[in-house]
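For reference, the chain that follows is the form predicted alone, supplied as structure tokens.
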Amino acid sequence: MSSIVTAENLKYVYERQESPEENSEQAEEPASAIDGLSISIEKGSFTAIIGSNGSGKSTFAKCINALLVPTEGRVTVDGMDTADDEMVWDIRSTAGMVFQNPDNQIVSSIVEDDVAFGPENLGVPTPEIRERIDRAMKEVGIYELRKRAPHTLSGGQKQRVAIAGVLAMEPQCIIFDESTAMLDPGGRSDVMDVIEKLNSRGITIILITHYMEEAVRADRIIIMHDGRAVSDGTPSEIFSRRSIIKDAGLELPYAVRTADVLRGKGVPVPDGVITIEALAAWLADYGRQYDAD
């Protein structure tokens, strides 16, 4: 399987703006957000990138979407160099991005007009725009809200409007940069269901999150710490690396912590149980066996 996103020795440094009352000697050194990151993400995959605040994960997302240009190294999206100004629009059409606050992405006063904004700017013919926005709204479950004003919607509904707007541009990849951080548990669950649905039909998903329960739903997890990828593997592999999780300032998923407690009390929960659903199913089966004995 070929890669859709590749980072080669990526470095990104935020230049600190010096205030008028500071002289050059007082100004702080530039902050390095990403320091030599080299990873590839395959087409059609579902990759979660986790890390504590300041780990560089959101900076990496912005580098993919050409919102930031690498200080050193290179990022390509479907073979296009993100530092090439002439390719920026094509890059953003290939790798769409959904941000943390949906209000920052909503530009129209009617839901369907907002969803149409992206394809209109791509120059898509009007009849095709109608087909695209209807299809996108149905896919994320907001078709019945198409005539509503976005400000009347819940946070989760607004985020699905934002996702539909990106989806209507027909990207190969969608980057979700902390897209559930401002939502309640119900809204987070709805958005995650949409994400899994999109991935199931071949769209590459890159999920930037600090919720471990979201990360376990991915096929692959990359842990970032101090601007570097410090661990990379399947969810089961990642959450078995206790010391790396701790050193990165992260917590284990609730199901993993619960399984550890149960093992400490003599309940033989097998390794690899990392979701609430899997733990509940195993305990139910274990309980039936215990009653039978």
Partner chain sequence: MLRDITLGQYYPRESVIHRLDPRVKIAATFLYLIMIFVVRDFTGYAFVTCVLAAVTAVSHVPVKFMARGMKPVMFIIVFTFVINIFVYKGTVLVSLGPLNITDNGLRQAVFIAVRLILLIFGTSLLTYTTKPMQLTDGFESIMRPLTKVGLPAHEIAMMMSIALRFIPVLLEETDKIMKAQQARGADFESGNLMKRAKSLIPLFIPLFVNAFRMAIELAMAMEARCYHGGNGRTRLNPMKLQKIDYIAIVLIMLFAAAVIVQASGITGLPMLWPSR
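Everything quoted here is computed from the prediction, not taken from an experiment. Numbering follows the first chain given and starts at 1.
We do not show the form predicted together with the partner chain, though everything after this point is about it.
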**Message:** Using a 4.5 angstroms cut-off on non-hydrogen atoms, would M80 count as touching the partner chain in the model of the complex?
**Reply:** no
**Prompt:** Is there a heavy atom of T76 no more than 4.5 Å from a heavy atom of the partner chain in the model of the complex?
**Reply:** no
**Asked** So in the model of the complex, does any heavy atom of Y143 sit within 4.5 Å of the partner chain?
**Response** no
**Asked** Applying a 4.5 Å heavy atom distance criterion, does P150 contact the partner chain in the model of the complex?
**Response** yes
**Message:** Please tell me whether the candidate spot formed by N65, I106 and V115 is one where all three residues come within 4.5 Å of the partner chain in the model of the complex (heavy atoms).
**Reply:** yes
**Residues within 4.5 Å of the partner chain in the model of the complex, restricted to 161-190 and counted by heavy atom** = G165, M169
